[in-house]
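Here you get one chain, nothing else, as structure tokens; it is the form predicted alone.
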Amino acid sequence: MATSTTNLDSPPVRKTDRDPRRVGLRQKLGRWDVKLSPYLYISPFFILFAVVGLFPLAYTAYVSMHQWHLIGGEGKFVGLDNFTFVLQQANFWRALRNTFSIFLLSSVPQIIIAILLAAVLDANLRARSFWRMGVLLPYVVAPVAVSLIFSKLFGDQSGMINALLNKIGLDSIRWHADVLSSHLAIATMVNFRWIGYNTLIFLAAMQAVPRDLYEAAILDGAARLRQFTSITVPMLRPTIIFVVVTSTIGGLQIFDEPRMYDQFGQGGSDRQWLTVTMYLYELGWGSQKSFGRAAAVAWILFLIIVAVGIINFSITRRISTDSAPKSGRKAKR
């Protein structure tokens, strides 16, 4: 005879007549909406970037491997011959030297002056909106107009700068003949146009600094200069890095100002202010009309910009890791 045993310790099972709840179509769509909608919102940027950014980049790499001419179109595959040709040209290295020289003469003073102007605009000034709007006016002016005006100001024979130098007893400077003088004149054009733009970026970062820090510094007896060096500049560190990166990318691609510095647009008689982008334009649309070699120059410039970006990224990581323990110690105190 079979005996049935029951587990007295287990709780009784409650029987219900209701079936397990099924997830309806609307609930499923709601879940998919939560999961997919963020990607759909940001997808237009990536689609547009793929069309106007990645595809031209890949197509330029394809063109740089061929004998591609403006009239004849695609030629035979030559591999890295276009890169070898470009690296063997003296004008390319001269253009690379000029590009970095103009970049350093423009970016370094530009960032310093922009920080100082932002500090002045962040103070209690009358008609602050007027002054803040005024520093942005040079950015609105077209680069061609700026280049034409400054090319006349820095004229060798009838320029206003040389006229002022002669009045104070100094000799005239050959702004279009000397290498360093021409670079300084072109860097002045770049600074005139971009200082106001970077000033507003630094001003926005300064207004985000907590005012409690300045009040505590005033109670401790810190002067304006000490507040600027000990509070403002350290708090602007991420913004400074951002401006340095963007200025580097823009400075290595400079074209309008040196192109319009004289009426010929060839970078000077001895190519003393020829830049990499001007050399690229000369190869593609000049006497050679070789799109393959111009594409090779474009890719070399792209790799240089990527290398500089990696250096900036490593500096950014090092700065952030060095500042993390200090902030942690302050928090513990």
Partner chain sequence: MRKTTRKMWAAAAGVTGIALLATACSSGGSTTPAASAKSTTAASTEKITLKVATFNEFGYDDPAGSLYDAYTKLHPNVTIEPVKAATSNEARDNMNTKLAAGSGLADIEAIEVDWLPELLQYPDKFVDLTSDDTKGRWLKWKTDQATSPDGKLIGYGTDVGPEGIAYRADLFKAAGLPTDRAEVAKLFGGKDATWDKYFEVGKQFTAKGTGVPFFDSAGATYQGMINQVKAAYEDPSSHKIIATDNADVKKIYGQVLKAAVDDKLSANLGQWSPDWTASFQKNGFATMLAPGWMLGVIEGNAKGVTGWDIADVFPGGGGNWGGSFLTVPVQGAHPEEAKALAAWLTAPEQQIKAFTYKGTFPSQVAALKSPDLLGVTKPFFNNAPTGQLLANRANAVTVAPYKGPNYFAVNDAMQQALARVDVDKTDTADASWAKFTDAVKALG
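It should be emphasised that the depicted structure is a prediction, and the values quoted were computed from it without experimental measurement. Numbering follows the first chain given and starts at 1. Note that the rigid core is defined as the largest set of C-alphas that superpose within 1.5 Å between two forms.
Keep in mind the form predicted together with the partner chain is missing from the figure; the text below concerns it.
Contact with the partner chain in the predicted bound form, judged as any non-hydrogen atom within 4.5 angstroms, is confined among 180-188, 99-107, 154-162, 225-233 to 154-162. Proximity of residue 36 to the partner chain in the predicted bound form: non-hydrogen atoms within 4.5 Å are absent; the residue sits far from the partner. Contact between residue 48 and the partner chain in the predicted bound form is found at the 4.5 Å heavy atom cutoff. Residue contact with the partner chain in the predicted bound form: residue 62 places no heavy atom within 4.5 Å of it. Not displayed here, the partner chain is approached by residue 264 to within 4.5 Å at the level of heavy atoms in the predicted bound form. Contacts of stretch 262-291 with the partner chain in the predicted bound form, defined by any heavy atom lying within 4.5 Å, are made by 263, 264, 266, 269, 270, 271, 272, 281, 285, 286, 287, 288, 289, listed in sequence order. Relative to the superposed core, residue 42 undergoes a C-alpha shift of no less than 2 Å between this form and the one not shown.
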